[in-house]
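Have a look below at one chain only, the form predicted on its own, in structure tokens format.
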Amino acid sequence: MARGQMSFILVQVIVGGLLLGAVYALFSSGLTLVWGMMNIVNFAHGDFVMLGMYAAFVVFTLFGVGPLAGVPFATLLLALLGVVVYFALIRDIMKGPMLAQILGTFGLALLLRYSVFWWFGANFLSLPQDIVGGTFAFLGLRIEASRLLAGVVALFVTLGLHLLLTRTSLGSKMLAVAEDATAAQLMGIRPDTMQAIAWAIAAGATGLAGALIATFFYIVPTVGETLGIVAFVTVSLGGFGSVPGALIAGLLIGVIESLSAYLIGDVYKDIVVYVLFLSFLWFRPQGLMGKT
């Protein structure tokens, strides 16, 4: 293979990795938001993404429409679920020890996963490959329309989430609650309301990401396990509580996965990601943009 052709293929692989990494960053940003505000790790996070994928599948099955309707529906459905989960579970277990938080969210993950097993079965499902469009050429690169849509939307939503937290009154109130809930309450801010909103935003982001991933990824009840691990690795690498860190880490992981799959085989891509991840955290355990 000529050197020029090899370089061109590598560029295409990297572009594909960046688009996938942007989606990783989107659903990981919800996890880092919840951690940053409430110091709680949601072990059901990957299963929230899975529900977003099934929501998009149901919309297509019932109405024959693609992401234009599936993505908003999945986002709103998961945002509502986030609020319900906060008031029904999280608000109470936050008052208990860390073990209660771990077991509570892990139990929620099992409940969601096996509920989907009961309703949909264990079969692998998928949306039509051309639901968004086929493959098109751009500057000589061959790009799948579904991956381009997912990557671009995920990138803009993640940046929008960062701006929401840093440039709006709502974001200032949420950050105030994250810093000191008691002091924020004395200033007239209701911590319960802000934390519920945070869960709505975090869960809505997972629903949006899940609906986007469903356009090119397999759909099965256990997919949340895989995506949950990706989210934890992304957030740990970027730094817990940092949305920009999650974005950078997500893009890096997407590129590393794609390059590893191309250069040494798809079977080994996860090994490469996790080895590099552990090696990095050995020297910087707080992550790329975490607090020292």
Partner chain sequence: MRRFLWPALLLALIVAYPLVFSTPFLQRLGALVLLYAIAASSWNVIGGYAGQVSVGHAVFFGCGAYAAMGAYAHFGLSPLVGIPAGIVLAAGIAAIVGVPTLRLSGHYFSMATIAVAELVRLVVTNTDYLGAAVGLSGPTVPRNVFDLSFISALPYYYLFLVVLAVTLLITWWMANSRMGFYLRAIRDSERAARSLGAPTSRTKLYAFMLSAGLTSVAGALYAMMFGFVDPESGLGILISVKILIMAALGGAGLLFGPLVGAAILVPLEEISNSLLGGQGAGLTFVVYGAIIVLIARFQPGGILTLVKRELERRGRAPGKQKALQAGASHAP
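Bear in mind the structure is a predicted one, so any value in this text is a computation, not a measurement. Basically, rigid core = biggest C-alpha set you can superpose within 1.5 Å across the two forms. Positions refer to the first chain, counted from 1.
The protein also exists as the form predicted together with its partner chain; that form is not presented, and the subsequent description refers to it.
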(request) Using a 4.5 Å heavy atom cut-off, state whether Asn39 contacts its partner chain in the predicted complex. (result) yes
(request) Flag Leu111 as yes or no: does it have a non-hydrogen atom within 4.5 angstroms of any non-hydrogen atom of its partner chain in the predicted complex? (result) yes
(request) Find out whether any non-hydrogen atom of Tyr54 is located within 4.5 angstroms of its partner chain in the predicted complex, and reply yes or no. (result) no
(message) Please tell me whether any heavy atom belonging to Gly104 falls inside 4.5 Å of a heavy atom of its partner chain, as the geometry stands in the predicted complex.
(response) yes
(message) in the predicted complex, does every one of Ala88, Pro97 and Leu281 come within 4.5 Å of its partner chain, counting any heavy atom?
(response) yes
(message) Among the candidate stretches 183 to 191, 153 to 161, 89 to 97, 204 to 212, which one is within 4.5 Å of its partner chain in the predicted complex when only heavy atoms are counted?
(response) 89 to 97
(request) Residue by residue through 229 to 246, tell me which have a non-hydrogen atom within 4.5 angstroms of its partner chain in the predicted complex. (result) Ile229, Phe232, Val233, Ser236, Gly239, Phe240
(message) Core superposed first: is there a CA shift of 2 Å or greater at Leu62 between this form and the one not shown?
(response) no
